[in-house]
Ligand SMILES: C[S@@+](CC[C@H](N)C(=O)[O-])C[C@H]1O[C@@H](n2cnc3c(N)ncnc32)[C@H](O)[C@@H]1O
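The data below hold one chain only, encoded as structure tokens and taken in the form predicted alone.
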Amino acid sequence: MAVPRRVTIEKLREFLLSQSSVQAPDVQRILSYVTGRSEAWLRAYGETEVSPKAESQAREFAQRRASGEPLPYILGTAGFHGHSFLVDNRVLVPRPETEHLVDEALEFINDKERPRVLDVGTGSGAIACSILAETGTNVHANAIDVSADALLVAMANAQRLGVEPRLTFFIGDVSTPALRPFFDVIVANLPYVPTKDIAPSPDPVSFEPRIALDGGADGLDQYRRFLKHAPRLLALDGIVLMEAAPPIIADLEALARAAFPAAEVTIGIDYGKRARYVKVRTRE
């Protein structure tokens, strides 16, 4: 009788690292997912045997990751601002840089009695849901996206975080008459990658929806459209937060100054000390 092959966590880790281009942190996250154990536990108990099902799933996930597929799509979730969000190929994977928009919004609405928030291009709903999850019941938000598929993901995340009673969804963009002024905070993380710069396969970005990436020739087409309508939606004492790539931030700042000539317009810096977002502040 053949002796069953014994595969431990450590042996499986070594195999996955040797057979693919997957980096060690991703392998560790895959192992944590398929075993249901924390990464710290896995490091401490590497001689624990892995079930055949977990081994098979880990191999499949590593193969997908090696092909370029983003790990959050493979595992089905992504972390953002201390929360776990459902993600798949209908939405962008939330980026750490976008957390700065949430931080700015939270700081601003702390002094408001019944603040209203608008999340434009909500995607997975990470921005709106994070803001609501970290504030009281006096805060309400609207979230809008041109993609019906993305809104389905955002709705699922609103339920996941328990904020759906305070969040209203719309399909479309800021030109829709369904959006009624005035919002204290408007957050926009719109497509801002110049068309020629969109990464081809197997770059992980190539797996994400093009509609959420393509910002036109210079990356600012969607922001030009947004800024035509944003002034009518913003309260007299309010802020607009817009994320973009560092190379086009100066151009976005110029567009914001033209749209809000009487407002204070500043550039925000991300974790990597790069210009990442534009902040518009109006005052009564």
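Residues carry their position along the shown sequence, with the first being 1. Worth saying up front: this structure is predicted, and the values here are computed from it rather than measured.
What comes next is about the form predicted in complex with the named molecule, which is not displayed.
K.L.:
Picking from 182-190, 198-206, 152-160, 67-75, which part of the chain touches the named molecule in the predicted complex when contact means heavy atoms within 4.5 Å?
P.N.:
Every other range fails; the passing one is 182-190.
K.L.:
With the cut-off set at 4.5 Å between non-hydrogen atoms, does T135 touch the named molecule in the predicted complex?
P.N.:
Because no heavy atom of T135 falls inside 4.5 Å of the named molecule in the predicted complex, the answer is no.
K.L.:
If you check in the predicted complex, is R257 within 4.5 Å of the named molecule, heavy atoms only?
P.N.:
No - in the predicted complex, heavy atoms of R257 and the named molecule never come within 4.5 Å of each other.
K.L.:
Might L92 be said to contact the named molecule in the predicted complex, defining contact as any heavy atom within 4.5 Å?
P.N.:
Taking the distances in the predicted complex, the answer for L92 is yes, it comes within 4.5 Å of the named molecule.
K.L.:
Considering only heavy atoms, tell me if C129 and the named molecule come within 4.5 Å of each other in the predicted complex.
P.N.:
C129: no contact with the named molecule in the predicted complex.
K.L.:
Is any part of 198-226 within 4.5 angstroms of the named molecule in the predicted complex by a non-hydrogen atom, and which residues would that be?
P.N.:
Contacts from 198-226: I211, A212, Q222, R225.
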